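A single chain, nothing else alongside it, follows as structure tokens in the form predicted on its own.
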């Protein structure tokens, strides 16, 4: 694996943020995360086929139907079992937002920025292909991948739309909303070594502006007492805790405890760069790669005040 590029400004930022832990964080950025897969319960409840794949697996203790792949196999994601939708290659950290949202079979659910569709497929599994999911994405070029993913995994309770999430309005409200927001993608550098070549603090701040606008619209589409999960694959507080602070102080939301025993996570930060966030922000979940072994990720569960 090529050595990941970490900009000087990025390293200085996380040295300030993590202090003595920063060296462990930078070291983790230099190693590939363990690959993982999720069994598609819409097509099978039998995990026996894994024994025939001539590799070793380790059960992810905090997600029922998910496994770490313990030995490297070339082309693993192109196996027939994957192509017919018995399982999907997916990072553990990116499965968790759907698990935290916990949609029910009777729910009307919005996945506001859905492409490429892996999280949408997990939502459909949790709902048993019942209820309704609107899977929306602004990027027309990614819709084919989204639709292909859903078809391959046997998802039938989902309608795909292509609109800007900032002003998306179907004319009705949702019980649950997933906003996996576009971000600076810092947490994915372990998988994509050149990802941070265009990183800057200006990029982070511009993403935060878009995230707040997306979240503001998402909250307006949520029923009273509805549940919204906000997530990113970045670690910058400007895109994470600051956005949640905005949801609590400006959008009349409250944070909820995330109850997933065994997840190697840390609480949300209460202060960054001389700015203090509201105490509710501590209920958010941070996945630091040097602690979790996964990609870097941020997840927060919000409830709209009635």
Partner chain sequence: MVRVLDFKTREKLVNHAHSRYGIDKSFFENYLFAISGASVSMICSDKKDKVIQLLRSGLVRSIGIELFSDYRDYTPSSLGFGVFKPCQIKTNFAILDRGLAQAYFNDKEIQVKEVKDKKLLSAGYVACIYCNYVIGTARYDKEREVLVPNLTYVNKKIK
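The structure presented is a predicted model; accordingly, all values stated were derived computationally and were not measured. Residue numbers count along the first chain shown, from 1.
In what follows, reference is made to the form predicted together with its partner chain, a form of this protein that is not presented.
- When contacts are defined as a non-hydrogen atom within 4.5 Å, none of 182, 204 and 218 contacts its partner chain in the predicted complex.
- Between 188-196, 90-98, 125-133, 226-234, the stretch whose residues reach within 4.5 angstroms of its partner chain in the predicted complex through a non-hydrogen atom is 125-133.
- Comment: its partner chain is not present in this chain, but in the predicted complex one of 267, 249, 44, 31 has a heavy atom within 4.5 Å of it, namely 44.
- Think of it this way: in the predicted complex, its partner chain has a heavy atom of just one of 222, 160, 214, 208 within 4.5 Å, and the residue is 160.
- At a distance threshold of 4.5 angstroms between non-hydrogen atoms, residue 155 is in contact with its partner chain in the predicted complex.
- Using a 4.5 angstroms threshold between heavy atoms, residue 71 stays clear of its partner chain in the predicted complex.
- Interface membership of residue 84, defined by any non-hydrogen atom within 4.5 Å of its partner chain in the predicted complex, is confirmed.
- Contact check for residue 147: a heavy atom falls within 4.5 Å of its partner chain in the predicted complex.
- Using a 4.5 Å cut-off on any heavy atom, the residues of 100-123 that reach its partner chain in the predicted complex are, in sequence order, 105, 106, 107, 108.
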